[in-house]
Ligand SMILES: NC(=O)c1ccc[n+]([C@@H]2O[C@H](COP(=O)([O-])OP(=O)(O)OC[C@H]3O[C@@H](n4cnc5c(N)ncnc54)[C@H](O)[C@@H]3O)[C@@H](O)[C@H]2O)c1
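First comes one chain, alone, set out as structure tokens in the form predicted on its own.
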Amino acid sequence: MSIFNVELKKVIDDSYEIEIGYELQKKLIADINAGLGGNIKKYVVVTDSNVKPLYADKILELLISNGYKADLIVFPAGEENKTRKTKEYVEDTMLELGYRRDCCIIAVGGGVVTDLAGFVAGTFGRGIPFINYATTLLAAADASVGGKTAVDTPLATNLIGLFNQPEKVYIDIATWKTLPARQISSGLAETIKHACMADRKFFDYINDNMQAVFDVDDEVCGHIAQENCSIKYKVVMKDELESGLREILNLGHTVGRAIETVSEYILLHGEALAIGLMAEVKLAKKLGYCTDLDETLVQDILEKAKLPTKIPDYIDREKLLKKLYTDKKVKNGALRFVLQKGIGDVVSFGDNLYAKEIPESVAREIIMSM
């Protein structure tokens, strides 16, 4: 018997730019012309049925008019369509259209589109480049930045996926003007989460400028987008693959993701997250990390953002408790929660440890109280 040692040490630079601006379609094409995609001449624009007529059609037109082979692949809008079946549809369509490893995906849309298209890019031909063109506040705050890509299953959200960094991210604030107020609220939930975990000053800024966000004020929304990216970047830069610190970005998500799934996506991601944030701050208060005032401030800002703070009556509490165990932070069968410390910080439970084991009985008490 013999042993052959295969040495595969890798040094990879996954750095990329995030450009925040207004009406960035032509800038995207200019960057591609300047070599953003390398020497690639074939592009697949992946989008959903809502975004197609608003922005994706224009990007496709610009690609073709600039001499690139380009096709548009569209799937029905909605979190319920972020599935393995949709991923298969995108992949099969790309193959039928003749695309192989010499192409690049441009994801145009919100978090569902960027999550799914980034996952496709990571596995198609064993990996092709992709670019994110974010068209929602939610995508700008969360999904388009950080390299997490995934699909949902009937059991849980985002459990099947991979880390895959884009070539570049474009955050086009002009696209927010076409968003329904409910979608603005949904994006504000991730924004408020960032403030709760990392920046009290940002928390107060959001609170003081809430109406300006709904009005899509250029200056305020530009600042919101920049702060979201800054907070998330500082975490991802230190822990790209979620070995510890990056778990803090899951603040509120243990309950939030479970509610989103149990509601069968009646609730938008941000709406479910808002309820999860309230459950988390109640738990943090019970454990002595937050005060009554902290809880009140979190509830007030969520309600000001037109977000729910209570579990809807149609949610089966027992089913919700069971669904908590599908959370990615569960280890050895134990529930684990990220907890905020006051407003603007999170609790560290040891060296590179940011989630605490919580008995089901305690989680049950919090959920039943909401």
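Everything quoted here is computed from the prediction, not taken from an experiment. Numbers follow the displayed sequence, beginning with 1.
A second form of this protein, the form predicted in complex with this ligand, is not displayed here; the remarks below concern that form.
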{"property": "Contact flag, residue 138 vs this ligand in the model of the complex, heavy atom cut 4.5 Å", "result": "yes"}
{"property": "Contact test in the model of the complex: residue 166 vs this ligand, heavy atoms, 4.5 Å", "result": "no"}
{"property": "Heavy atom of residue 77 within 4.5 Å of this ligand in the model of the complex", "result": "yes"}
{"property": "Residue 43, heavy atom within 4.5 angstroms of this ligand in the model of the complex", "result": "no"}
{"property": "244, 247 and 336 each touching this ligand in the model of the complex (heavy atom, 4.5 Å)", "result": "no"}
{"property": "Segment assignment from 106-114, 276-284, 296-304, 214-222: heavy atom within 4.5 Å of this ligand in the model of the complex", "result": "106-114"}
{"property": "Among the candidates 86, 263, 183, 207, the residue which, in the model of the complex, approaches this ligand to within 4.5 Å (heavy atoms)", "result": "183"}
{"property": "The unique member of 267, 120, 195, 179 whose heavy atoms fall within 4.5 Å of this ligand in the model of the complex", "result": "179"}
{"property": "Heavy atom within 4.5 Å of this ligand in the model of the complex - qualifying residues of 23-56", "result": "48, 50, 51, 54, 55"}
